[in-house]
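Single chain ahead, written as structure tokens, the form predicted on its own.
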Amino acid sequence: MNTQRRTIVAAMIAAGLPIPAFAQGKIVLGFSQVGAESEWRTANTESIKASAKDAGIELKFSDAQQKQENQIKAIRAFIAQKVDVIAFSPVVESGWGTVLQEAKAANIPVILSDRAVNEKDDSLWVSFMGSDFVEEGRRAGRWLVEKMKGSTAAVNIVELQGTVGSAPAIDRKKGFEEIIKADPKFKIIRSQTGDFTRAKGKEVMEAFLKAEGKKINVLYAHNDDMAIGAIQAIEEAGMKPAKDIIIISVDAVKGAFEAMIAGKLNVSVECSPLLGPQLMQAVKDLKAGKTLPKRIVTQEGVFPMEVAAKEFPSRKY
């Protein structure tokens, strides 16, 4: 502990105030979360909070409510508080250069959790941990290609995209299109953001159904919450989800498994939110002077309707 910090601690003890975390030898992590827009995000937050507690790390947690300006304010607050490590899940990919430069100038390492940023200078963060979103899109596409194998009929797809400009929305679209473009029978006829929320997923699906009706063969949703909202819209339109319209989504949260067991969702591509233990280990490694891999990829699978009942009891989120 430096002289300035010792003086601060001595003054706090003399005043009868609680001793701050740095004086107790605790690691302090500042974490800025996207928000609470989905079942996935709630599980991610719970994993981070519980893991920090288990690891004995003091967590300064900020909810950005899906606004980039809130995340930038939070990161600046963490810098001012001289936390040991900053981690965050960026709302969108671009616009982070200035605040990340500020963290670097303050010698505070930054970990990107769950989502990446689009900045040329990759020295502004030490590691990005999370899923391969492009591969998730590819897995969704491969499942559909296999499902439609042998059929020559046109396949009209509507797409519910995630938050505009976010890494998962960009990458899940890219990976899916990469696979289906090999066969001209697959055509995305409508694509619009549902902002990763159930309510917006329902609203946009209602608009798709009004515009295209029974022309729609497949719905590809960038997350389960939007798919669950869309299922309500399909049912309210008098159609059968997973039968009249094939539904593919991403995340594999419990709500998706319940929908699959009920026969209303065809498949969910896994994206694990349980990044807490991995993040806390990375924070500890950094403080111990270890070098982190620049990219840490989460291992995940694909769960079609047929395995949902068997897999459901072992799901943790």
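On a predicted model such as this, the values are computed, not experimentally measured, just so you know. Numbering starts at 1 and follows the sequence shown.
The following text describes the form predicted together with a small molecule, which does not appear among the structures shown.
- Not displayed here, the small molecule is approached by residue 133 to within 4.5 Å at the level of heavy atoms in the model of the complex.
- Put simply, residue 38 is close to the small molecule in the model of the complex: some heavy atom of it is within 4.5 Å.
- Interface membership of residue 196, defined by any non-hydrogen atom within 4.5 Å of the small molecule in the model of the complex, is confirmed.
- Residue 271 belongs to the set of residues with a heavy atom inside 4.5 Å of the small molecule in the model of the complex.
- Partner contacts here mean any heavy atom within 4.5 Å of the small molecule in the model of the complex, and among 146-154, 231-239, 110-118, 68-76 they occur only in 110-118.
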